[in-house]
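Just the one chain here, the form predicted alone, laid out as structure tokens.
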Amino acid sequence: MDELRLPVLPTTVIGSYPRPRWLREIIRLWRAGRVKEKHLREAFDDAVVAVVRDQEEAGVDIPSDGEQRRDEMVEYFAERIEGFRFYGPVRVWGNAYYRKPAVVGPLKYKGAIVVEEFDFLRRVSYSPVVKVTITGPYTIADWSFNEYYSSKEELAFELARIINRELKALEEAGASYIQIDEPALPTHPDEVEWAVMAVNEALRGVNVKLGMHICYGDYWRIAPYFEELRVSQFALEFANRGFKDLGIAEAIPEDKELGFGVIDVHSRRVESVEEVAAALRKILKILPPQRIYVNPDCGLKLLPRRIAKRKMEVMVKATKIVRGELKGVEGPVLRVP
């Protein structure tokens, strides 16, 4: 492994990004039987290239592939793990639906789930470091019907063992920065203790940079476990909360970082550069700059593409202004293959 010095306040994304309109049309035609599988795969690849280009033009330091191949963060993994079944769409909120999976038999790891995604992203990336995202075991368990295991806890630990195999496959493939998405983690107070244990089981023996993304619930429910969780970074939503939860940063152990959410992904209003810069100055009163990464609150996929890109551009411009105010402060070091 080599060491890469990142700029102070590295900018990145949480993961998802709007699919280009043409990709959505090709997916529709494929589902109607009018496009071949090989052409769909080519379209996905082209979409990743387009999304990476958007991030490059915006100036994002650490890109993702925009999760272009994923319809939804839980069903994508359930489709690729033996033992799940889908009955039909479930309403989440408003007019938003997803195909909620059901566990109907023993879960089995069928082979690499996102390794090919990572390999392609690394080949087309402008940056030597990219972010790979994986939905964590607790969120998959919480957002699925359990029709086989004796409890949600048992299900989560079985999922943890499967996710652990995928993480180790990514490490072997050369991934250097993996984010575990666990939005459900703070949502059930009586389950947090064993849920944290399940997440740690998934991370056991993985020796790359691991972050955890959380964007729902009360962060203080998991604050007592910040030290225990085997991640080096917590990427949290702040902009949508009006930056009212900044005090949680003081609970993050000194050897761990904060992925600071400065862009509200639930609003089409594009933040001003000064607004984001002001938020960064607030967090710098709590944490040293070497422990802060800058990112949107959550994935950008539900926004129009032009707005998502403008929001990234604002995030980068604001970060560069604040970097200039830090005068010579070095950024964090990341190990890369």
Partner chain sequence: MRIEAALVGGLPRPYRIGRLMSKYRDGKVDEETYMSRLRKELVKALRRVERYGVTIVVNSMFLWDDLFQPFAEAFEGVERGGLYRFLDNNFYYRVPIIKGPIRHRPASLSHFKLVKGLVEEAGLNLSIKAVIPGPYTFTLMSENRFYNSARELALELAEALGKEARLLGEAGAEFVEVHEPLLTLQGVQVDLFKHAYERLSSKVSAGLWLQTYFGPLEHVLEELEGLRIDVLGVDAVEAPKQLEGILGFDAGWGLAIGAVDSRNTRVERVGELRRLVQMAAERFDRVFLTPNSMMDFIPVQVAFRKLRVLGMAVRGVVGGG
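Note that the structure is a prediction, hence the values are computed from the model and not measured. Numbering follows the first chain given and starts at 1.
Only in words, not in the display: the form predicted together with the partner chain, which the text now covers.
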Could you tell me which stretch in 230-238, 162-170, 84-92, 124-132 has residues with non-hydrogen atoms within 4.5 Å of the partner chain in the predicted bound form? 84-92
Taking the partner chain as it sits in the predicted bound form, is Phe145 near enough to touch it, meaning that at least one heavy atom pair lies within 4.5 angstroms? yes
Please tell me whether any heavy atom belonging to Ser176 falls inside 4.5 Å of a heavy atom of the partner chain, as the geometry stands in the predicted bound form. no
Mark Tyr97 yes when one of its heavy atoms lies within 4.5 Å of a heavy atom of the partner chain in the predicted bound form, and no otherwise. yes
Would Ala251 sit within 4.5 Å of the partner chain in the predicted bound form, counting heavy atoms only? no
Contact with the partner chain in the predicted bound form, heavy atom within 4.5 Å, among Lys256, His188, Arg80, Arg204 goes to His188
